[in-house]
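Consider the single chain below, provided in structure tokens and representing the form predicted on its own.
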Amino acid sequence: MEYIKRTAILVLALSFSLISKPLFAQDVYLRLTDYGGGKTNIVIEPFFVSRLSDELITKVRNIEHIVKNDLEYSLYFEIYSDTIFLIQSDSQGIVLKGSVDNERLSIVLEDFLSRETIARRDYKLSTDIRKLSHTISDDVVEILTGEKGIASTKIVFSYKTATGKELAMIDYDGFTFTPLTKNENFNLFPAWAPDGKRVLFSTYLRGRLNLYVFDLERRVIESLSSFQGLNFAPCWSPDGTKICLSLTKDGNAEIYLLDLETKKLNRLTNNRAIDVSPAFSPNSREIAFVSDRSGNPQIYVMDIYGGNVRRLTYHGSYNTSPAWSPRGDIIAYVSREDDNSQQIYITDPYDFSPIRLTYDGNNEEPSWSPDGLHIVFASNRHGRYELCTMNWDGSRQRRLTNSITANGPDWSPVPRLSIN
């Protein structure tokens, strides 16, 4: 079977240290989304910069621009540059004002109709204007919607080098490239911990693919799983106490659950098929995974004990890479088309209703933003494989990287602390 052959090829490639490349019904649309209540109008007035140096004025204008882009990307707001748009349409809305005084930036949110102040926050101007801008944006989102903003999140991924694949991370909007590993090896399958402080990944060392955890605070890499054979494709449980991973220690690839405190390992799948790519549901009760037990790779769902297995995908003969939305209402996955291209779909995890999101090139390895409104993925639509993002419904697809070959993206949770 082709899927087994592809897995065998991957194993052989790693063994020899080669780089492996590796109609929409309205009722379906409405059932899949619960965030269609409309956008809030927000006017971002030019920040007040009187009597400032040219350098400081430039900094403030850049902050204003980044905040505007963040809020527009969030999907919660309709952005305007002047209140005249609200006056002409007799609409309600929010006015965002900014001013600088003694190296402090004051942000004021004001109700347009009542002129009442909703909130005021003061921020110390720093040299890292992108970090400051993203913090302001996230505060605005939380104040006005009650939801956590994602502007301060990161995306971790693998990128091709002359000697293998290294790990790096970027801001959610593609800026601030930060290398993580420099071991001149193959660093694959990065996965953020729920606390945003650690990253799981696999590295081919000492003759096999082992699993490691990178502590981003201490800048320390520690071994986590080094069973005989391959240790790969990990994911964290939502509470961060367990990881699900694929192991070949007993022969073909099977899925196991590892308790990080007790180190107890439970085997969840047990058959002749290849079972890989586990993905936890947000409520920790189920795990989606890929298996070729039906003859070709399809996506299945089981409970966390390995029981109650059900097949999810029936459209297409080759479906992989399940990614469960943090909202729990959608699973993104990759399906091979008749033209052999790889395309990203979404579906209801309990009532299979596939909706295709991508069309150009090959599009693979979807990962959700922590608010469930965006997806990052790898695409070769521009030639090499690069990282792209899109809204949950496939709209506003854009490229994040354009100078490196990148794949395996994973979107971080909302940060609980600063990661530089």
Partner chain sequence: MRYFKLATLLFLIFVVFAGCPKKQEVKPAEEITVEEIPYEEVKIPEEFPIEPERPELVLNRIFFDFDKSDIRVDASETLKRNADMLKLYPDVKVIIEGHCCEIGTAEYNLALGERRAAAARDYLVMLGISPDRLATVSYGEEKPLDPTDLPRNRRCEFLIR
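Residue numbers count along the first chain shown, from 1. Quick caveat, the model's predicted, so the values are computed rather than measured.
The form predicted together with its partner chain exists for this protein as well; it is not shown, and the discussion that follows is about that form.
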- Item | Location of its partner chain contact in the predicted bound form, chosen stretch of 184-192, 211-219, 107-115, 143-151 [non-hydrogen atom, 4.5 Å] | 184-192
- Message: Please tell me whether the candidate spot formed by 233, 253 and 292 is one where all three residues come within 4.5 Å of its partner chain in the predicted bound form (heavy atoms).
- Response: yes
- Message: So its partner chain isn't shown here. In the predicted bound form, which residue out of 386, 371, 70, 364 has a non-hydrogen atom within 4.5 Å of it?
- Response: 364
- Scan 244, 312, 199, 276 and let me know which has any heavy atom within 4.5 Å of its partner chain in the predicted bound form. 276
- Item | Contact label in the predicted bound form: residue 123 to its partner chain, heavy atom within 4.5 Å | no
- Does residue 263 reach its partner chain in the predicted bound form, with heavy atoms at most 4.5 Å apart? no
- Task: Report yes if any heavy atom of residue 207 sits within 4.5 Å of a heavy atom of its partner chain in the predicted bound form; otherwise report no.
- Result: yes
- Task: May I ask you to state whether residue 267 is within 4.5 Å of its partner chain in the predicted bound form, using heavy atom distances?
- Result: no
- Query: Within 302-317, which residues come within 4.5 Å of its partner chain in the predicted bound form, counting heavy atoms only?
  - Reply: none
